[in-house]
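A single chain, nothing else alongside it, follows as structure tokens in the form predicted on its own.
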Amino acid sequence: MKFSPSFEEGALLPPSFDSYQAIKKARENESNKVAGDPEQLNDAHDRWVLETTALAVHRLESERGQVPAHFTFFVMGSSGRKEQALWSDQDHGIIFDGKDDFYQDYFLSLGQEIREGMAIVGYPRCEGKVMASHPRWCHGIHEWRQQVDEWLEKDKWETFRHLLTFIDSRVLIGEEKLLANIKEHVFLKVSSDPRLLERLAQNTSYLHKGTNAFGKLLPEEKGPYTGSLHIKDVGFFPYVHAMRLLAIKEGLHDTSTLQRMEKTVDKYSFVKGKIENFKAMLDLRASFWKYHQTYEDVHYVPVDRLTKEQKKTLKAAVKEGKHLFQQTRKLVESGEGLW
């Protein structure tokens, strides 16, 4: 069967496959062809998840009847930012047009079907349960707004973490306006109380050390990844956290770190030059795809396998990422230009 997208511009179309195993096989056949190109790989991830979601909707409708309300299925995390490696876990949610009392049970069932389908296709279930099968990530639009308010009012590390996770959400199918509505609600709440942005910055204040005082890379010293650098923590996250904060400040709906940089580089001088560093890390990680056999593997880069030029590139990227985050946090804490 030809492997083709099941959705066009968010519209729900009939599934192209009759089983999750068939989608898994299609994914396995295509993976090696796109694994070395970050952009092609992330486009492929979208297709695989779209096909899985199409089949999940079809299966649930055959059991429980037609989807009862307009909805959007969105992805978060590296998927929401279109920064996935070859292996990726699940981070997704649902917003539907209606009340939880009427429709949440149906959409939670849809979330469960999507969760199990994606697991078969090759996407591990999220250990933190950031999936549409969990009530926290599956609400009507009114209840979603209420939940955002509660996250901010509780002012706890965990609830702020939920909000930061949500900000990276991107619609994969369904009504774009549903997700946009909730994000605008977030932006309005934060803009009305600038202190909240500083609190969100504190939530991501810890940076893993990637180099020592002499600029030498610091790989893991023990465990199964001894000799490898955790590129997710020390490389990508400083960029991701910084640009997410600027996106909230500027009210940007863009989710990818690169898009956020492009939208803010003219306004913030400390963003200049960082785009190339981030792209270089995406390409570097992708170049090691043959060594990635599990979800955990993609977070590490073997330092002893890096060429002299690759080490130089990675050191520069780690240094610039740290600078980007420090400058962003300094801006937020100073209150300069905050509404």
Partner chain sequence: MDPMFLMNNLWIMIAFILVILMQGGFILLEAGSTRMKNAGHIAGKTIFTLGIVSLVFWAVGYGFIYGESAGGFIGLSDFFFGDFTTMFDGLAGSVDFIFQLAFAAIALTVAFGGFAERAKLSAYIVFAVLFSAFVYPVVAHWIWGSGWIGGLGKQDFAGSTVVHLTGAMAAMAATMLLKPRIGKYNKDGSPNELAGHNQVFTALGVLLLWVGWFGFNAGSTLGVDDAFFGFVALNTQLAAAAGAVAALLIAWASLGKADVPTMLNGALAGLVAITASCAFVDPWAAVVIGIIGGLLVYYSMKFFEKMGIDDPIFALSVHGAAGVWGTLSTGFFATPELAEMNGGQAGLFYGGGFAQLGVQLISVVACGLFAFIASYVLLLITKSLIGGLRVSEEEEIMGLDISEHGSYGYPENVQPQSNKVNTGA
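Numbering follows the first chain given and starts at 1. Quick caveat: nothing in here was measured; it's all calculated off a predicted structure.
There is also a form predicted together with the partner chain; it is not shown, and the following applies to it.
- Checked against the partner chain in the predicted complex, the candidates 221, 101, 158, 150 yield a single residue with a heavy atom inside 4.5 Å, and that residue is 221.
- The partner chain in the predicted complex comes within 4.5 Å of a heavy atom belonging to residue 209.
- Taking non-hydrogen atoms only, residue 192 never approaches the partner chain to within 4.5 angstroms in the predicted complex.
- In the predicted complex, none of the heavy atoms of residue 269 sits within 4.5 Å of a heavy atom of the partner chain.
- Contact check for residue 226: a non-hydrogen atom falls within 4.5 Å of the partner chain in the predicted complex.
- Shown alone, this chain has one stretch from 241-249, 82-90, 116-124, 213-221 that lies within 4.5 Å of the partner chain in the predicted complex by heavy atoms: 213-221.
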